[in-house]
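Next up: a single chain in structure tokens, the form predicted on its own.
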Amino acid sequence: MKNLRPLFVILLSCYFSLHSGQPGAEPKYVGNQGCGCHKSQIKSWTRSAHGKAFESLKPGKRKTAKKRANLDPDKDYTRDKKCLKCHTTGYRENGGFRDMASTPELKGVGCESCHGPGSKYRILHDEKPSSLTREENKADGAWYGSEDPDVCLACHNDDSMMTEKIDPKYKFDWKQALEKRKSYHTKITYDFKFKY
């Protein structure tokens, strides 16, 4: 009987892994590592201000911006709940960032910060890499900031420390941000469709 215990544990683990992404299960955050089809976009994103958002919370980083926001530039904000909401992916959500010890892969503003928890729609991406429709993707929990300003405004709002009140460069206009990113998103779609 003891010999069957490890097999039972393995089977049980497989069952829960398979059923966590099944219909009816709430989508959860899984991190950028599952976005393998978009390698060049991930590489570019990780070098961006959004990709480095968590790093900016560390002592000595973005000193001028912190001073303007009346923050101590030498303080460590990497555990500050108010900051983590927008400087990590899925903070305190299902499968989202908890802390650096347990979920370091979700530090920073990752793919799922803008596209939603990916446990379900990533499966669909794998099954239908060149024929996936936006409607199917949305049905499995994907978000589109280009259609819903609330995706961006969840962080780019008056609750943020970095608003135009402290520096005009922090003014956020959703439509203007979309125009700025339009060519980038067109390239992503082109690369993804023709990669296969």
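Remember, it's a predicted structure, so these values are computed and weren't measured experimentally. All residue numbers refer to positions in the sequence shown, first residue = 1.
There is another form of the same protein, the form predicted together with a small molecule; it is not shown, and what comes next is about it.
By the 4.5 Å heavy atom rule, the three marked residues Ala25, Arg92 and Leu106 all fail to count as contacting the small molecule in the predicted complex.
Looking at Gly145, you'd find a heavy atom of it within 4.5 angstroms of the small molecule in the predicted complex. Heavy atoms of Leu57 reach within 4.5 Å of the small molecule in the predicted complex, making it an interface residue. Proximity of Arg79 to the small molecule in the predicted complex falls outside the 4.5 Å heavy atom cutoff. None of the heavy atoms of Lys120 is located within 4.5 Å of the small molecule in the predicted complex.
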